[in-house]
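In structure tokens, one chain follows: the form predicted alone.
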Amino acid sequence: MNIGLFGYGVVVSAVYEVLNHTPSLMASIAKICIKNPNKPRNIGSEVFTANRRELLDDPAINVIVEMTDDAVAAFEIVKESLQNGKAVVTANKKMVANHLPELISLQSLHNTPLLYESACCASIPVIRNLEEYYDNDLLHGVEGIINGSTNYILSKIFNENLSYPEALKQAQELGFAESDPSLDVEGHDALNKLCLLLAHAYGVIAHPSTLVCHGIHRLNAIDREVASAQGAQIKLVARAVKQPNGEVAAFVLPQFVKPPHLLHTVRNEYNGVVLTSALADEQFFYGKGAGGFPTASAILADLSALRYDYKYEYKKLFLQEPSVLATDVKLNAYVSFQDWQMLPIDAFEEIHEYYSGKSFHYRKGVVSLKKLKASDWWKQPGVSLILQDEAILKEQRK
């Protein structure tokens, strides 16, 4: 393999180092395209270029590793690479989630593979397992903590009693969260990853804009007290669960998670994914979901797979009748809010518990996923929506 790399951040530098220590892969890096060729690097400058054409037009380069942080530019790079017959490995989950139908079509049309294991959960091989091990119709559900930044913040809040601003600052200082953390804390990163999981778990091709998503940025001190009082922690959970009618309920929302739930044990920047199937019951995947070397390990696995011409078959999409997204799902929810005017009269289908104080109120009960999708009252500042430990009503999961 003769590799052209796009980007040279923490992950790509780790990939470069790993490739140099993996001679059995029989791969070499021909060129690395970066924005600023004059910036000091820890390797020789002759390998760097700011001209993408040197990679895309070079017939000797047969593999492109795309690791930029620009989803728009990444799509153009990946699209042209596939059209030119170059295999592609990428970690850009936003780009893949936004353009998955076209990317699948390009792979088929040009018979060229696009692999993106590193785009979801870094070192955890969840996409390959869904594609190969669970290539049947017996998968009941996928749920997981798939964003290390938010999990690190929540772990510090619950385990070390830090405030949200303190935990966020610490995550930024350690490199787990960006200077602009909105992509993580508002749930968008986890949502993009969920779209990839949906495609391989159920054959559902969903654009991120079509799914309900909410992050941890609206959580308050009272929510934390309510969680602790019931022996739970709050986690940002991405979920895809098959319903009795065959439809799939999919969303990303904060949730109260209690022992013995497997996700309760996932701490700091680690990720955890629980797969539930008819025969194997629960299987738990746990590992580092961020960082240079964990992500590089997934890229290395994809590069290794290219040696034996591996490509995603999207079996649930093309070899079976694909599932469709559920529209009418009832969720067990807790909603805290500062003013009664923030809560519509029909926000809850059922109310099981309520509390009202001078400056804080909450309700627990049943909310409709369909209504959440059609409204935005739960996105207001001062409103916090968290799912209960049993997120989906039991009678819908039997």
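Please read all numbers here as calculations on a predicted model, not as lab measurements. One-based numbering along the sequence shown.
In what follows, reference is made to the form predicted in complex with another copy of the chain, a form of this protein that is not presented.
So in the predicted bound form, does N129 come within 4.5 Å of another copy of the chain, heavy atom to heavy atom?
Contact with another copy of the chain, yes.
Non-hydrogen atom contact F284 with another copy of the chain in the predicted bound form at 4.5 angstroms:
Heavy-atom contact with another copy of the chain at 4.5 Å: present for F284.
Give a yes/no on whether P125 approaches another copy of the chain to within 4.5 Å in the predicted bound form, heavy atoms considered.
It does: once another copy of the chain is placed as it appears in the predicted bound form, P125 has a heavy atom within 4.5 Å of it.
Decide whether N220 counts as a contact residue for another copy of the chain in the predicted bound form under a heavy atom distance cut-off of 4.5 Å.
No - in the predicted bound form, heavy atoms of N220 and another copy of the chain never come within 4.5 Å of each other.
Heavy atom within 4.5 Å of another copy of the chain in the predicted bound form: which of C195, V88, V185, A296 fits that? Just give me the one.
None of the others qualify; the residue that does is A296.
Residue among K79, K315, R239, R224 with a heavy atom within 4.5 Å of another copy of the chain in the predicted bound form:
None of the others qualify; the residue that does is K315.
Can you pick the stretch from 161 to 169, 176 to 184, 262 to 270, 195 to 203 whose heavy atoms fall within 4.5 Å of another copy of the chain in the predicted bound form?
Of the options, only 262 to 270 has residues within 4.5 Å of the partner.
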